[in-house]
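Structure 1 and structure 2 below are two forms of the same protein chain, each written out on its own as structure tokens.
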Structure 1
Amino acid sequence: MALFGKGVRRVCAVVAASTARGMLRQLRVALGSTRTVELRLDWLKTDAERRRFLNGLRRHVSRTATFLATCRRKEGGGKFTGDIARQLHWLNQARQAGCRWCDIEMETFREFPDGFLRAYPVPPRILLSIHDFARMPKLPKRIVVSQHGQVDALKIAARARTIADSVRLLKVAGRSRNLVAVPMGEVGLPARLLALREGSELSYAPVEQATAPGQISLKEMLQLYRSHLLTRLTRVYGVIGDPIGHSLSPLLHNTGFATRGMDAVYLPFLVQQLGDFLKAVSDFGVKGFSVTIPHKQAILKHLKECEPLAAEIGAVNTVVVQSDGSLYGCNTDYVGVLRALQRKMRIEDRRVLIFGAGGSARAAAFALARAGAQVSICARRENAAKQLARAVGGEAVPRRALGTQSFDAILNATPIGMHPHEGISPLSVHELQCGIVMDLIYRPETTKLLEIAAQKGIATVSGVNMFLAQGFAQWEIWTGKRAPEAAMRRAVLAALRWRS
């Protein structure tokens, strides 16, 4: 029997604010999405605010809502500065206000003799919580929580420094009853999102402010990742990179899955060591993944097969996990550049200059050369420019020559002007002697480079178009279906415009 109910009830909204008003506002939002709510009484700044909040709470108590009171002391990682007696006082008040559950941290629990808490008038059901904000502790294979009848459930919240750490914690949850597994930190985020399907009784998400490292909001957990609906049958995809927090790929792909009503999810994996992630592919049941900086080249040696063009480019941004577990790689940045530019011009026989000679410049150079363009490369390292130009049958152009030559299109394939350094342009206005300027950067949607090009009357193409096109291609490779492009585009553009 599930401790907290089924489905969305296993997603516990965390209500945490310094004032009673703020807590009550969050509580109303929380109850609009789930029926299980943790109330962080320790976040309230004074006893008067706690009293006011618990008075207000009474109006929201009902048979269908489960409230879990927490008044965690500083020693246990919370904000409450009072002693244990005061902590128990507030948990007792919470019980009187209608809380059926309380969270008591190990730092408090171990101060009491056996059976003491059961006799004390705190909320009748006790969740004992163990936190380690620095590392994953040593874990037994299985934990028998109710062995001595002292508590009803056990929560282990620990920082996952590697993906392997988070897998270990989920495995314990899968083998134990009444266990809440919370892998903390950005590395632990995919496991946090998969915790419910792996057997954790609860998964936590703040209504507003994060109360633990690596948390995502309640809205994202329910709407973007639909973590309460994930099962062992759900197809898991993701993106690997470092950094990864800024990526809009989860929004793009999950919108596609939701629009087509597919049982699939796409997760952000912060990957420092490729090997750490690759070992977890079968544990998480990953069916395919996107690859971004800094792993696009390094992934090549882990592939069983690779699309010849991706091998020639020397970079893979899309991996399919085949039924025998082996990896097949391809490159959709290639398609992305072409589709984005083709919307504005015919490519055959046109002169196109690419500024930069890194991974995306290589994909663009091969794509454009194959489509019949005359490709020129300009990069701060002239040798790199020459090498790439040679590989695609184009020519290298020194920077000083830029203002003197004209092109049909100029593409920026450097990160200059990317968020958070929006104010700078990789090229000056007099260097833009061309009919079209395309920036591969997609955040911000309109970069400084595009801004000065437009002021000069030059047509512009934002990197968003490439980002979307490479993403649509990935989605179609993995699912074998047509991507719902309009919905995916709408979601990404709304997020970009909202964030800028």
Structure 2
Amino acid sequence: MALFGKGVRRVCAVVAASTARGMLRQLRVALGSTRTVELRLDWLKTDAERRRFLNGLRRHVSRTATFLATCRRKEGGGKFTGDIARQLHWLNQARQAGCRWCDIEMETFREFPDGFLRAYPVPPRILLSIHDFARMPKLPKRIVVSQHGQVDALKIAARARTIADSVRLLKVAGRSRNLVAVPMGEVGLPARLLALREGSELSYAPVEQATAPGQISLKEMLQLYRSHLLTRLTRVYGVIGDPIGHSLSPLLHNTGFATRGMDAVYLPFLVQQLGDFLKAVSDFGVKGFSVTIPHKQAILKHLKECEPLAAEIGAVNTVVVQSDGSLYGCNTDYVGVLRALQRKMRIEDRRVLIFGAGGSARAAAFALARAGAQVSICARRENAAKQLARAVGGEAVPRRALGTQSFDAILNATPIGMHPHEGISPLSVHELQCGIVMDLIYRPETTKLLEIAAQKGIATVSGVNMFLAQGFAQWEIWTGKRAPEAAMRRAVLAALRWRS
């Protein structure tokens, strides 16, 4: 029997603020989405604020809501500076205010003689929490919390330094009873989102303020990823890269799945070592994934098959996991570049400079060369620029020559200027001798490079156009259905403009 109920009740909203007013405001928001709420009493800045909050909490107590009181001491990773006696005092006050559960960290639990905690008037159901903010500890294969023991459930919250770490924790959750599994950190985010599917009793998401590394908001967990609805039948897709936190690909693809009513989810994987992710593909049940910086070229050697164009380009941004587990690669960046630039100019016989020589630059170079453009390459690595230029029948242009040569269009295919480093431009105003500037970066929608170009009177093309076109093509490769382009475009543009 589930300890906290089923479905959305297993998503625990985290309410954490320095004032009672802030906590109560967050509590009202939380109860509009789920009926399970963790109350971080340790975040309240004074005892007076704790008292005010608990008095206000009484108005929200009901049979349908489950409140879990937490007053974590600093020794256990919380903010409470009082001793154990004061901690237990506030948990007792929380019980009187209507909390049926409390979270007590291992650092406090160890101080009690056997059985004493049950005798103290804390909330009647106890979740014992073990936190390791530095690493994933050694884990047993299975954990079973006795119904008649000193605690009712156990929580293991540990930082996943590798994807393999998070897989190990999920496997323990799948074999165990009354266990809450919380992989912390950005690497652990996909596993956090899949934790309920794998058997964790709860998954945590803050209403406003993150209280642990790698948390996403309650709104994102329920609306973007729909983690409470995921099952073993859910088709899992994702994007791999480093960095990955800036990516709007989860918003793009999950909007498509929701619009079409598909049982599928798209997750962000921070991947520092390709092998770490590839070993976890079957564990997560991944059916396909996008590939971004820095893995677009390195992924090639892991593919069983590759479409001829992607092989010629030498870079892959889309992978299909076939029924036998092997990987098939293709490239939709190619489509994205053409569709975005063709809206502004006729490409045939035009002179186009690509700044960069990585995976995105290679896709752009082949796309433009095949469309009849005269392609020039300029890159920090001159040898890479020369090799790419030779591959597409173009020319390599040294950086020092940019101020004296003119082009019909210049494309930035480097990550310089990408969020969170928006204030940087890869090229100076004097190097923009052209009619059109296109930036393959889509976040921010208007990069510093595009700002400089516009100030000079040069037409601009945002990378969002390429991002959308390549994403639509990916979605259709994986699903075999027509992408709901209008809904996907609206979601991405709204997010970009809200965040700018």
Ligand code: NAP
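None of the values given here were measured: they were computed from a predicted structure. What we label the rigid core is the largest C-alpha set whose atoms superpose within 1.5 Å from one form to the other. Here, residue number means position along structure 1's sequence, counting from 1.
Structure 1, not structure 2, is the form predicted in complex with this ligand.
A two-part rigid motion is described between the two structures, in which the smaller part turns by 14 degrees against the larger.
The Cα position of Gly358 changes by 3.1 Å between the two structures once both are aligned on the rigid core.
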